[in-house]
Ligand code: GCU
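Just the one chain here, the form predicted on its own, laid out as structure tokens.
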């Protein structure tokens, strides 16, 4: 309750002075996210802010609020919808409860690999998804690679879906992610990312699923010593912007922000790959063991989800386009 009050007060304060031009015409916008200043996403958002200011000749400036200062992902999405926050970087999974089409990105084994992933994420298909939320108050600008999501547990490698039986696995608050763990035989436990370390430490959960940076940047490798490359999902981070704030920008400013967003995504690809390599190296030094299971049993377990997405009205066309892109080399 106290936290929510702080968020509401912060939202009120931000609303009172949100995106107003200064006396010299400069527009200052606020961007919230939940990662630390050392995380590659923060570095990429810093690059986005730098490029935006440079490309608008100083007309638009971006202030970053990292570390979940303005709330958890659901809260900053709501703040972005209302305009209390101008932009936010959130997981596509967090957007699922606001727009069903974003549930696609939580679909296990949607992408055949990294080439397929990047081909889709830089396509007109995803641009259509970005624009599909204009009527509910925000639009997507770009994506940041979140790597592949894999299982990690305190002391047991996950080499087959049967290994998940009876295990409490933390997932993002996403209906698709919950269903995935159920189909694989585990017990899904939705919780915010900030609670995972303590939950693992205290035995509230047996494991989680995320990319390798969680082991180091968030110290999960201190309490989880088995990391298994199921590679069941590639869920991007999405940079969203309040639609009303977008609409008041002139065409030159919009073009500059779009360019800055795209270029910051390309920048992120480089720093992300470097961060993954370092996380693996540092995790091994801390005693984490990495395993590579056969993915076919995991893929087979979640086939019912693919059938659902191929038939659901809100996702059928996008699903078809994404899967067809896998065949275009």
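What you see is a predicted model, and the numbers here were worked out from it, not measured in a lab. Numbering follows the first chain given and starts at 1.
Not on display, but discussed next: the form predicted together with ligand GCU.
The candidate stretches are 161-169, 119-127, 203-211, 181-189, and the one lying within 4.5 Å of ligand GCU in the predicted complex by heavy atoms is 203-211.
Of the residues 279, 35, 56, 265, just one reaches ligand GCU in the predicted complex with a heavy atom at 4.5 Å or closer; this is 35. This chain lacks the partner; the member of 86, 217, 96, 237 within 4.5 angstroms of ligand GCU in the predicted complex by a non-hydrogen atom is 237. Within 4.5 Å of ligand GCU in the predicted complex, a heavy atom is found for none of 154, 197 and 283. Taking the partner from the other structure, ligand GCU in the predicted complex has no heavy atom within 4.5 Å of any heavy atom of residue 231. At the 4.5 Å threshold, heavy atoms of residue 148 stay clear of ligand GCU in the predicted complex, well away from it. Although the partner is absent from this view, residue 73 contacts ligand GCU in the predicted complex, with a non-hydrogen atom inside 4.5 angstroms. Ligand GCU in the predicted complex is not approached by residue 174, whose heavy atoms all lie more than 4.5 angstroms from it. Interface residues of 184-201, taken as those with a heavy atom within 4.5 Å of ligand GCU in the predicted complex (partner not displayed), are limited to 193.
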